[in-house]
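As a starting point, one isolated chain is supplied in structure tokens, in the form predicted on its own.
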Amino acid sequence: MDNILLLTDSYKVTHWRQYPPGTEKVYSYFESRGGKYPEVLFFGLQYMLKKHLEGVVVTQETIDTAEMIVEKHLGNKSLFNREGWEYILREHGGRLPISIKAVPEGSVVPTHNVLMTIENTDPKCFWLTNYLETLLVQVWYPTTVATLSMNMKRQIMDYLDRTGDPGLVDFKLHDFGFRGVSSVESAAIGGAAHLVSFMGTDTIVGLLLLRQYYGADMAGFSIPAAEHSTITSWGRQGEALAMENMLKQFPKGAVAVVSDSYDIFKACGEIWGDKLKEKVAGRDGTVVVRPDSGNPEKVVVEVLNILGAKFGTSRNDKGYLVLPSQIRVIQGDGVDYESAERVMSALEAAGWSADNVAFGMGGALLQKLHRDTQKFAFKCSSVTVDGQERDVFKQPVTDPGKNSKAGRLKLVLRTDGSFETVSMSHDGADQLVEVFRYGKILQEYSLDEIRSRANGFLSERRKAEALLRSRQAPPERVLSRQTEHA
């Protein structure tokens, strides 16, 4: 599973025979061709380079093993490029003769722009560039998760801006996704990507990935929390005792308690709001009530209404209701981008601040997405044959959306601060940075740097949106002026 010669698609094994005679260089690029969100937050390449491409990755053993597998798989040993791989072993010490340039991780780039380029650095290894496509394209996954989390953060901050405290946003979306993904590695990669924008997670392997590959000592945090087994094991009649036990076992700090094992509304009104009210109200910390079934936007509002009636409320400086600090709610069932929007919209309409609620997101965060969520593609755009460079591209008449770019590319900043993909011959400094060459990582990013870059984008975007809103008079005020003028 870690033999780089076999981390590709079967058909690519034969591509060394398919390029034009005299081919010396193959140059390809990676981009998002559109999708659900207008920009993508680039993340995860450093992990892939360190795990799979750094250092000596071609050995006599990996060559012999790959040849044996190919012979049995394709039925013909001569289809395997033994000479090419042994050349890399002999001439380059088993290090890959390629150069990879990429936008710095944490950068937020509009779709339809180049995010990464790769080319061979030895003319005898022209076939290597696209041999690595299969592996490198998998950066789509952490980039898509990071993009989704960033947009969730932006969405939540919009509601906090209007109804509460934007400073709370880092812990407003908690990763519950480990059990909902296809593998431990997926959980680690996706869990790490989520933590670019947030700091709440139950996916421990994401923390381990960030610790090993991005220099983050501790990237995320969690709290003690109940599950249905720890509540229902007390029996239906013992539900109040189970909840009281949570308060005894965790007397300080935040603790989350799933409360819908039988009747979420009775649990909020009769147990939390009556039998355990004094213990909750006098506690040094927060009890987070977790509904886990039903229609989220209806259930969350009703839960808040019940808790508000029992524990009392105050109004913040924006005029919205806030529960006492000892009691909050987390919605962790059925959460995705759209349902979170509906829940927060319902809260706002009912007069509740978004401060009162956090979200837990599982499969929709780490699994309910795919490469076409942002339409990622890796395409060859330039080749050099007999010393002559050629622009190459695809332009299918049946689907213009799959047109690819031509030539050698760079990413430049316009005067307005936006990105644009242009030909290498155009003016402007290339924002793509060489991160890998001949088996060596040339540029590393810490999680702190990546977070700073991503948060900087959100901050600037929010400032721009606030400025735009300030220049637009409310409709009722416009009507008033029109009436006065008439």
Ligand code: AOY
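Since the structure is predicted, the reported quantities are computational estimates derived from the model, not experimental observations. Residue numbers run from 1 along the displayed sequence.
What comes next is about the form predicted together with this ligand, which is not displayed.
Asker: To verify the annotation, which of these, 299, 409, 256, 219, has a non-hydrogen atom within 4.5 Å of this ligand in the predicted complex?
Answerer: For this set of options, the contacting one is 256.
Asker: Of the options 354, 330, 152, 383, which one has a non-hydrogen atom that comes within 4.5 Å of this ligand in the predicted complex?
Answerer: The option sitting close enough to the partner is 330.
Asker: According to a 4.5 angstroms non-hydrogen atom cut-off, is residue 74 in contact with this ligand in the predicted complex?
Answerer: So residue 74 does not count as contacting this ligand.
Asker: Does this ligand get within 4.5 angstroms of any non-hydrogen atom of residue 157 in the predicted complex?
Answerer: So residue 157 does not count as contacting this ligand.
Asker: Would residue 225 count as touching this ligand in the predicted complex under a 4.5 Å heavy atom rule?
Answerer: Residue-level check for residue 225: yes, a contact with this ligand.
Asker: Report yes if any heavy atom of residue 126 sits within 4.5 Å of a heavy atom of this ligand in the predicted complex; otherwise report no.
Answerer: Result no; residue 126 lies far from this ligand in the predicted complex.
Asker: Within 4.5 Å, heavy atoms only, one stretch in 107-115, 79-87, 311-319, 171-179 touches this ligand in the predicted complex. Which?
Answerer: Result of the contact check: 171-179.
Asker: So which residues in 258-290, when you check this ligand in the predicted complex, have a heavy atom no farther than 4.5 Å from it?
Answerer: Contacts from 258-290: just 290.
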